[in-house]
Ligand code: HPA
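Listed next as structure tokens is one chain, alone, in the form predicted alone.
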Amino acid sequence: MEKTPHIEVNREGLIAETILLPGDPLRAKFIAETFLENPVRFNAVRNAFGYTGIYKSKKVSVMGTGMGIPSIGIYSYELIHTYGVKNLIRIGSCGSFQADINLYDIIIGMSASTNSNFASQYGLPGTFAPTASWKLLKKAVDIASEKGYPVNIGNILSSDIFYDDNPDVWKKWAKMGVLGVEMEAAALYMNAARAGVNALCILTVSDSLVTHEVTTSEERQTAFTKMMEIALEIA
């Protein structure tokens, strides 16, 4: 079985065509142990735990990607090009930019603005707009509606900077209607677009830049189950 520098799978076909991608590897472990039947761990390199199991008779994988665009850029590229993954669903936490989006609310990233230079590699004669797969986006919205889970759909910011030297710079993005900030989706969307596969980012609000409310690390790891259920149902 072919291995990459960051993923070591010892059996052909162990990674499913649909994979959930939380940033936190322990969230991947929680999802596997809570939602999947007979989960098998396929990766532990750098403790980026990856598992494959069965959810409602369908094979599904889940793997932690770490923090930031470079990290998810590596993992998503290898999953797509070495292991044949076709549907990549990021499930993560985010900070809210809007007063009416509160802790634990769900945001689905229809598009992902960014301050990253990731798109420069493509040599495009303009500015690329990283966008979710309509196929996955529609499924997620339909599933959320069926379950009665309210969702906020729109533009998010994938930032390279967590501790910005200008603590109020987020307000400029908020004025443009950006719903919240995370650190990975733009690279995922670009890798998927370049490869012709599907990607989506579903987020749960872990903190608010408006009210300064925050959740705990334990809550971020285990309590964001609604977005997990939406992502799993997509599979």
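Residue indices: 1-based, along the sequence shown. Everything quoted here is computed from the prediction, not taken from an experiment.
Quick note: we don't show the form predicted in complex with the named molecule, though the next part is all about it.
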Item to complete: Specify the contacting stretch among 194-202, 48-56, 179-187, 32-40, defined as having any heavy atom within 4.5 Å of the named molecule in the predicted bound form.
Response: 179-187
Practice prompt. Go through 76, 93, 87, 114 and name the one with a heavy atom inside 4.5 Å of the named molecule in the predicted bound form.
Written response: 93
Worksheet item: Among 149, 162, 104, 122, which has any heavy atom within 4.5 Å of the named molecule in the predicted bound form?
Response: 162
Practice prompt. Spell out, yes or no, whether the shortest heavy atom distance between residue 209 and the named molecule in the predicted bound form is within 4.5 Å.
Written response: yes
